Structure formats: structure tokens, C-alpha cells
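Here you get one chain, nothing else, as C-alpha cells; it is the form predicted on its own.
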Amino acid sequence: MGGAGWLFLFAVLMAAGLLFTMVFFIIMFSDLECDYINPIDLCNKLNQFVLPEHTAHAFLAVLFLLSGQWIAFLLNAPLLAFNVNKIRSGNHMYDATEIFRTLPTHKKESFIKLGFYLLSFFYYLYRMIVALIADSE
């Protein structure tokens, strides 16, 4: 298996992990809406995943950039820029005092990221299969 095959295999696994992270975020937000969890517990649980999620996505984008996978990098660039902007402006962590006011925005962001990671998963899977077929010929 060549370099592109390993890269996209890693990307598939990372996309699956990020996908499950977004599902967890959405479940936690719906638990807050149904009052199964209090805002402090929610923010404590979700804040421990925010920076690892951003870091994993940034690492994947940098791998695409360094390996010359331009289409994959360009597909990831808008979300990467959005995440970097959130971190630079300082509003990347969830605040328990503001969570009810900003909950619809956080849910919308999580659903958009869920869709992005789902599409990315299948794109990386396709590219991995294409790379494996190209290596076998």
C-alpha cells in the first residue's frame, strides 16, 4: 500500500472519530434541552473534546497539504479557517452561563460539522479505495 493509501486510511479513521464526536455533542445538547443534564456538567464534558476535535481536524488538513492532496486540503480549508477563527477570537469553549442563549447556534454548528464529517468520511473512503486499486496495478 502506497503513501496515498495509508494517508486516506488514516483520514477515514480520523473522520470516523470526528463523526462520533459530533454525534456525542448533538446527544449532549439534546440532553440539555430535555433537562437530563445541567449546564455546568454539559460544558465540563464538551469542553474537554473541543480542542482535540479542532487539533485532529487541523492535523488532518496539514497532512493533506504536506502530501500534496490539494482537493482534500481545499475541502477541509473552510472548516479549518472557521475553527482557527473561533480559537483566535476566544469563543471556542462552551460557557455554562451562556449555553441556553447560544444553544441553537451550537446545535446548528454541530449538525453542519456532522454533515461535513459524514461526507468527508465517504470521500476519504473512496479516495482510499482508488489509491489501493492504483497501487495494485
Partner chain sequence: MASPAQQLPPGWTAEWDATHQRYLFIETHTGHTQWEPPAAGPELSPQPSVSPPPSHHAKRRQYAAGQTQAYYGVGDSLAAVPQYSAAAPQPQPTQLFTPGLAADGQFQQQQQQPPPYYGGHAEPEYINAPQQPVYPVQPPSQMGVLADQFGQMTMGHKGLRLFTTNLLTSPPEPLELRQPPPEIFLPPNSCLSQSPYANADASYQRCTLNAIPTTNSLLNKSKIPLGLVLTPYRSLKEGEEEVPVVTDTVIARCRRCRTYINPYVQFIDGGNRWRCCMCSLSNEVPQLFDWDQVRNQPGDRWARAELNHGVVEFVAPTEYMVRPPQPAVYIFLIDVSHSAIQSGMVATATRTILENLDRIPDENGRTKVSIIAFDTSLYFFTLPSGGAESSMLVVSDIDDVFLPKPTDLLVNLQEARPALETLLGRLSDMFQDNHTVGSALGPALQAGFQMMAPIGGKIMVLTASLPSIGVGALKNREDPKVLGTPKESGLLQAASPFYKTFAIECSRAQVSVDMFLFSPGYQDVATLACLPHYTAGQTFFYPAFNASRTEDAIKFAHEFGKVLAMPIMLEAVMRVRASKNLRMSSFHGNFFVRSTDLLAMPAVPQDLSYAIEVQIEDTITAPFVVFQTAVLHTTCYGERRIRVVTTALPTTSNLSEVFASADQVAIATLLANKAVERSITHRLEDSRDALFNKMVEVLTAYKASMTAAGAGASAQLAISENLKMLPVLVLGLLKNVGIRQSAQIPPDLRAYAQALLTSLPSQILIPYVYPNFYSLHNMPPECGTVGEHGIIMPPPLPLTSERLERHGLYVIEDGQTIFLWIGRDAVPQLVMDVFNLPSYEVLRGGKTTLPVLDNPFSQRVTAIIQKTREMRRGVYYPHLYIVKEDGEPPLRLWALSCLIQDRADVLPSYQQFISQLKDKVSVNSMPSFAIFNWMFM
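Every value quoted in this text rests on a predicted model; they were computed, and no experiment measured them. Residue numbers count along the first chain shown, from 1.
The same protein also exists as the form predicted in complex with its partner chain; that form is not shown, yet it is the one meant from here on.
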With a cut-off of 4.5 Å between heavy atoms, is residue 108 one of the residues that contacts its partner chain in the model of the complex? no
If we define contact as a non-hydrogen atom of the residue within 4.5 angstroms of the partner, is residue 97 a contact of its partner chain in the model of the complex? yes
With a 4.5 Å heavy atom cut-off, would you call residue 60 a contact of its partner chain in the model of the complex? no
How about residue 40: is it within 4.5 Å of its partner chain in the model of the complex, going by heavy atoms? yes
Quick one: which of 48-56, 97-105, 77-85, 64-72 gets within 4.5 Å of its partner chain in the model of the complex, going by heavy atoms? 97-105
Since the partner is left out here, which residues of 19-38 would have a heavy atom within 4.5 Å of its partner chain in the model of the complex? 32, 33, 35, 38
